[in-house]
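In the structure tokens that follow, the same protein chain appears in two forms, which are kept apart as structure 1 and structure 2.
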Structure 1
Amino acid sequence: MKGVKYLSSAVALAAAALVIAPAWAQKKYDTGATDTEIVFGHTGPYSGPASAYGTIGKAIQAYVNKINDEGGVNGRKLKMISYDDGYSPPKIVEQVRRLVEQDEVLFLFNTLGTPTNTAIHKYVNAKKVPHLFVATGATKWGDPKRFPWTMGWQPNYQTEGKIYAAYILENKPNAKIGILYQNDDYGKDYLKGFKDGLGSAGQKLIVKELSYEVTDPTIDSQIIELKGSGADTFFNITTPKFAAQAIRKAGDIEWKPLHFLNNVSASVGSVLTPAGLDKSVGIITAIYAKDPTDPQWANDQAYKDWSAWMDKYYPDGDKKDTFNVFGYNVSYTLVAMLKQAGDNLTRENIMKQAASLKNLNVPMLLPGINVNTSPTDFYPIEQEQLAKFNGKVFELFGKVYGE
């Protein structure tokens, strides 16, 4: 009898194993994922001072619609829940808690802004919710040891600062550098990358380093001081309004340095045009994505696909606006990652897949620039190319910098 009993339990165990095992191999879900759907959360500034960025959220939704029309990802439709955070830290906390605790999304995607993401950084890591491809260039999003659930996407400010430093060391080793930076995390991030890139040469090369506050009405006084310092190279770490002021003032007082303008403000339409296109000639910036207004991409297949997508899925969107390229590229990265995740849609696996993107080619990034991540590298894009403004567009030149 004893034997029979053993035998029957063994059979029962085996049967149980048979039932469970295929389920392991096939499908695994956390909240927000089912056989038919993947639900993810997003917040962005649809209102408030930074609402120019609101178009990114709309572009992501438009890309999601395209993917769903084509059958979804591995047979599952994507569902994006997007809330307005007004670029306000207290508001994003409220919205993200709603996404995580009430809507029960699988992960958060491309939440926008440095102050806003900072406000939810600890919360999402405590809750172990993937906080992916955030839309900010701060360097702190790539810290897998302390914040294993958060990952950036675009090249971070320090990377960009290092690229300008590398160019100066190679091409103008005796430069006298003047720096103007916004006195906050963003400005200091660029400054650190730039100084790290210059290394020991920095002490000798940097002749003047000035800051301004976002509340300052003008920065005329700083530009005058920089000119007075004898600087012949200018690293301009300013947000759009102050960038335009700096370019115009430098032109007015006939200061003509080799001018490096951070990517944050490298917009022909909203910065260089108000500043004066003639005063902007020669400005150098670093870029990583294709500019939709640049005629050299007119016959590029990736551009044509993007343009067709804009026409069909986001006809209200502005085709001159690079933020719509941003939304397209970051969504492309997301879909590639989800495809890679297959049927294992747990939060842990989502994070694991996000950290194992290898040489992912995103069509609207510049040729030669790919997305690469690893468990210790949470910086998806770390390459950029320099471009010089010729009076009409930024013209790419030289090599692709970064690894």
Structure 2
Amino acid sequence: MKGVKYLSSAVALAAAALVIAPAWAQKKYDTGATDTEIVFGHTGPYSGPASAYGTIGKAIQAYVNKINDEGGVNGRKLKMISYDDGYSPPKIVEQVRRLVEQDEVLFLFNTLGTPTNTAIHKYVNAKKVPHLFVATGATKWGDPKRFPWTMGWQPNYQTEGKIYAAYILENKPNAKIGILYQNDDYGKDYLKGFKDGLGSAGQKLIVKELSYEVTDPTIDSQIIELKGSGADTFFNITTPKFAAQAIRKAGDIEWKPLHFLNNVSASVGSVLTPAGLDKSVGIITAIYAKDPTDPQWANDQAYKDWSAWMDKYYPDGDKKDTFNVFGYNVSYTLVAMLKQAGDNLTRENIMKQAASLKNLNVPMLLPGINVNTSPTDFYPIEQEQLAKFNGKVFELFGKVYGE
């Protein structure tokens, strides 16, 4: 009889296992995710002083359309809800509340701008909504201890500022430096990195430091004043509209300094072309992605794939605009992360997977530059290379700087 009891117990355990096993394998969802769909939110400056960046949101939607045509991610279609925030802090607060509280998105993706993301930073972390791969390189987006729900994507501004400083110290140690920066966290972040990179030499090398407000109609007077200071080196910390103005005005008044332009405005299509390609010759920037205007990538398979995607999914987009490469690259990163998340589409797991990207090869990043994150490292890309504009394209030169 003891044998029968043991057998009965074994059968009971087996039956229990059959009941429990499906529970272990169950899909896990938070608001914004179902068996068939993943809904995420985005805001961008489709209007206003930073509207040149608006193409990024359109590129992201175009990438979403491509993924959905291919069957989605793990069998789920992606739905992107995107609103115009006008690069306005009060407006993004309104739009993000709408995305979180009314649209009930699973996460926020690639919201753009330092002042705008700063306005929603505490709110999204209090709500525990993943605030992923934000389109700003401010250092504050890599602070997992204080803000565990916010993660950057591109190289941070302070690191980039240090790269320009290192180049100046190595190649023009007696430079007379003039600086123009946007008077907000974005501009000040770049400025801090640059000054940190110069160290004590900065007190002697920097001869003029001027700022502008994002609401200013023009920065012509600042460019005239910088020329008048005797500066022979110019660090141009501006968003696209003002970057184009600075390049154009410097050319008009025949001021020809060694010109460093921050990466976020180094687009041949949306900045240098309207400013005047002839006036842009010699500009130096830091690059981490393949420039679609650079002929060296003409036979590169990643470029061919990007170009074909533009033709099919974003035919109205400008192939000379690096912001469309940015939208493609950051979207590729998102999809890789979602594939990794599998059927566990909770906000907690989304954040966990975003912080678990290892040597992700994003095709339109420069060779050797990969995406890496960890629970203590919220800076996915930490390498850049300098490039100089030759009148047609940015030519890469020198070593790859990185951490």
Partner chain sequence: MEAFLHQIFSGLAAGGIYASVALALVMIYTATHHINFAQGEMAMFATFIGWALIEWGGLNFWVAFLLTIVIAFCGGFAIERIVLRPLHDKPVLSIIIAFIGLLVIFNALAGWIFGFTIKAFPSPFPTSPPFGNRFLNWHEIGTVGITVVVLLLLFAFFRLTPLGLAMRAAAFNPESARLVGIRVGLMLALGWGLAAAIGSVAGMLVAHVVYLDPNMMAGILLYGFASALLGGIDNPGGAVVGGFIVGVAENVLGAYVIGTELKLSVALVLIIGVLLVKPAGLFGRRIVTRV
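Please read these numbers as outputs of a predicted model, since none were measured by experiment. Whichever C-alpha set is largest while still superposing within 1.5 Å between the two forms counts as the rigid core. Reference numbering: structure 1, starting with residue 1.
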| item | value |
| --- | --- |
| Answer for which single form is the form predicted on its own | 2 |
| CA of residue 129, rigid core aligned, shift of 2 Å or more between the two structures | no |
| Threshold 2 Å Cα movement between the two structures for residue 327, core superposed | no |
| C-alpha of residue 256 off by 2 Å or more between the two structures on rigid core | yes |
| Per-residue CA shift, residue 220 (Å; core superposed between the two structures) | 9.1 |
| Angstrom displacement of the CA atom of residue 271 between the two structures, core fixed | 5.2 |
